[in-house]
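So this first bit is one chain, no partners, the form predicted on its own, shown in structure tokens.
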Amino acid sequence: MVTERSDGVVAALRASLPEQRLITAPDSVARYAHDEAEWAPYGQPAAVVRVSSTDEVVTVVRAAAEAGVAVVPRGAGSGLSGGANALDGCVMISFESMNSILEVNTAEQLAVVQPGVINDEFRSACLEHGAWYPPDPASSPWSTLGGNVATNAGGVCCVKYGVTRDYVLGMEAVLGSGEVVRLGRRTAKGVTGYDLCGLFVGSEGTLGVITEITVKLRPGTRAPERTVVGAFDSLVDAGAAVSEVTASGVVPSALELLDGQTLRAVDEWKNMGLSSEAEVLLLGRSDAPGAAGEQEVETLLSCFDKGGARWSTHSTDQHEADALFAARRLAYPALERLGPLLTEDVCVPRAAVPEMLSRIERAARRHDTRIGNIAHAGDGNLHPLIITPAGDDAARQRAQRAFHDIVDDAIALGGTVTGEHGVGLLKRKGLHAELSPTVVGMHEAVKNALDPAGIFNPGKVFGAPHD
């Protein structure tokens, strides 16, 4: 639905930007209208602007603010919460043309990138310089650094190496006033003023438009990884093994869980023979060098056995280690083949992982809903994948009830409604259940200060809850 105000801002942009930047044809605009969040609502944007510079972002923001039209920033559209979904009559800013790696500085162990840079391409470029950028979300082959920063993305190795926020040193951003600001720093340390750079990480495009990102890097030389795998008869047993790992003090470079639903889906697709081996697999990794790595592997094996593993083993070389993790990489697309997926993203204290997994199973039974579980089990970040047959509205409603029960259970266990996917549209109800009204008010005060016209991704994160 394009309004008179939208027509006005489109005309202003057409007059001030190169013709090729602006997309208004309905069929072309439609492919930018939503992310990968199943059942999250979306509208019809008035235009998509494929910006090529910070100056062009300023032009868009000022025109939108003057007209009172919403601005929705968009990376690759790989999000799972509806955070990048269009609003009727909005202007979407696409960063697909702002995709340059501006600097890789190994002396200072940092890099400077534009927001449209693809995660995997950036990580590969860093390795060519002998450096490593750890955050590795499952969407890394296609998600952008700008989108990763907007949602504070995590990934498999974040249990040991941290999430996106831990690596963002600074940024350039355009505020609601149209002003361009630089936040953060390039130095290893710095405590001048509030951490406004950190505030923007995970803000989901609601505070401003990020146009450049400075991240810190790690040395690229790492010890060969060893993978430990344990087969379990139940989610609860696997959860107990996770608790044993936590209590041991070992911090693996990854600790991932795949349940029977997921293993069967992978087998149906790739015939890997996994589901005949166990109802649940735990995959642990150690990248510690030498004897320390060998000791970590032995500790992980012992923890798996104490948790009740049917069997456990470890890789003998890098090729075998990678092969054991292949099922984890295939899990999401394998389940997606079975029908629309509503992807959960709750995080609980690691000691609560067994109970949370048990509650997820109960929610599936209670609502007659098929749920596959994959998890970054090492930090308590669980991803129940709720599967529904295409076109079955009754199943969709049952799935949504299970979704809300899982959110409620995570909060009840001292957890959070989203560990890495963001609030977007799908978790607004959960946010208001997790945060007190006073704390919500603090967030809204920050939003109003930085976006006085209220144009940046309105309705997302703190909007009215979506049921």
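Just so it is clear, the structure is predicted and the values come from calculations on it, not from any experiment. Quick note: we count residues from 1 along the sequence shown, nothing fancier.
Just so it is clear, the following notes concern the form predicted together with another copy of the chain, a form of the same protein that is not shown.
For another copy of the chain in the predicted complex, the listed stretch (364-372, 329-337, 82-90, 102-110) containing residues with heavy atoms inside 4.5 Å is 102-110. Think of it this way: in the predicted complex, another copy of the chain has a heavy atom of just one of Arg123, Arg310, Lys306, Arg165 within 4.5 Å, and the residue is Arg165. Note on contacts: among Ala138, Val297, Leu175, Leu274, the single residue with a heavy atom within 4.5 Å of another copy of the chain in the predicted complex is Leu175. Using a 4.5 angstroms heavy atom cutoff to another copy of the chain in the predicted complex, none of Gly8, Gly68 and Ile118 count as contacting. Contact check for Glu420: a heavy atom falls within 4.5 Å of another copy of the chain in the predicted complex. Proximity of Phe95 to another copy of the chain in the predicted complex: non-hydrogen atoms within 4.5 Å are absent; the residue sits far from the partner. Although the partner is absent here, Val446 is a contact residue: one of its heavy atoms lies within 4.5 angstroms of another copy of the chain in the predicted complex. In the predicted complex, at least one heavy atom of Phe200 sits within 4.5 Å of another copy of the chain. In this stretch, 251-284, the one residue having a heavy atom within 4.5 Å of another copy of the chain in the predicted complex is Val251; the partner itself is omitted from this view.
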